[in-house]
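Below sits a lone chain in structure tokens, taken as the form predicted alone.
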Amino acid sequence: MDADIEAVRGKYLNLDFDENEFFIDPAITTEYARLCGETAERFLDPEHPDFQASPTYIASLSGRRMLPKDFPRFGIGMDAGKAIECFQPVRPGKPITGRSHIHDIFTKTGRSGRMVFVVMRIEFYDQDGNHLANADSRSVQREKSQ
């Protein structure tokens, strides 16, 4: 890995740079589930004893910032995918807290040159501090040619 990426990793990895509160609205989560084609009643019926937001709903939540204020630019950026990891159900009708940090930074080299991948993670917690889920957003920056 190049020295400049190692320096960025050393400065930014696992450093919280944003915190945001979200109210999980039951009307929104049920409509989201319906539009996604969900059929399980626990995602569609607020009266269900195990009512919860569908796991992919968490990926629709975002913090105020995607990257730290002074994070360097390596080139033109593009979306490189999302991933969700659920530990406990997200319960509509209750607030949750999302804390953002850079989870990983790595490079790949292709025909067009070096590409820098950044994985920004939001960790979601309930009011009791229980870790509910992680949502990773990957971006790729194709390095500007010199």
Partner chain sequence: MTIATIGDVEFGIELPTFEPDTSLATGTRFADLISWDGVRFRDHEGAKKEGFQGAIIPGILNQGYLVAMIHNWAPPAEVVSVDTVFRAPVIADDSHSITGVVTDIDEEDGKVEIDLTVTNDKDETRVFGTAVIRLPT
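Residue numbers count along the first chain shown, from 1. Nothing here was measured: the structure is a model prediction, and the numbers come from that model.
Below: the form predicted in complex with its partner chain, not depicted.
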#### Entry: Proximity to its partner chain in the model of the complex (heavy atom, within 4.5 Å), stretch among 82-90, 95-103, 65-73, 108-116
82-90
### Task
Using the partner position in the model of the complex, report whether G37 sits within 4.5 Å of its partner chain, counting heavy atoms only.
yes
### Any non-hydrogen atom of Y32 within 4.5 angstroms of its partner chain in the model of the complex
yes
### Query
Can any non-hydrogen atom of R9 be found within 4.5 angstroms of its partner chain in the model of the complex?
no
### Query
Can any non-hydrogen atom of R42 be found within 4.5 angstroms of its partner chain in the model of the complex?
yes
#### Entry: Heavy atom contacts to its partner chain in the model of the complex at 4.5 Å, residues of 121-140 in sequence order
R138
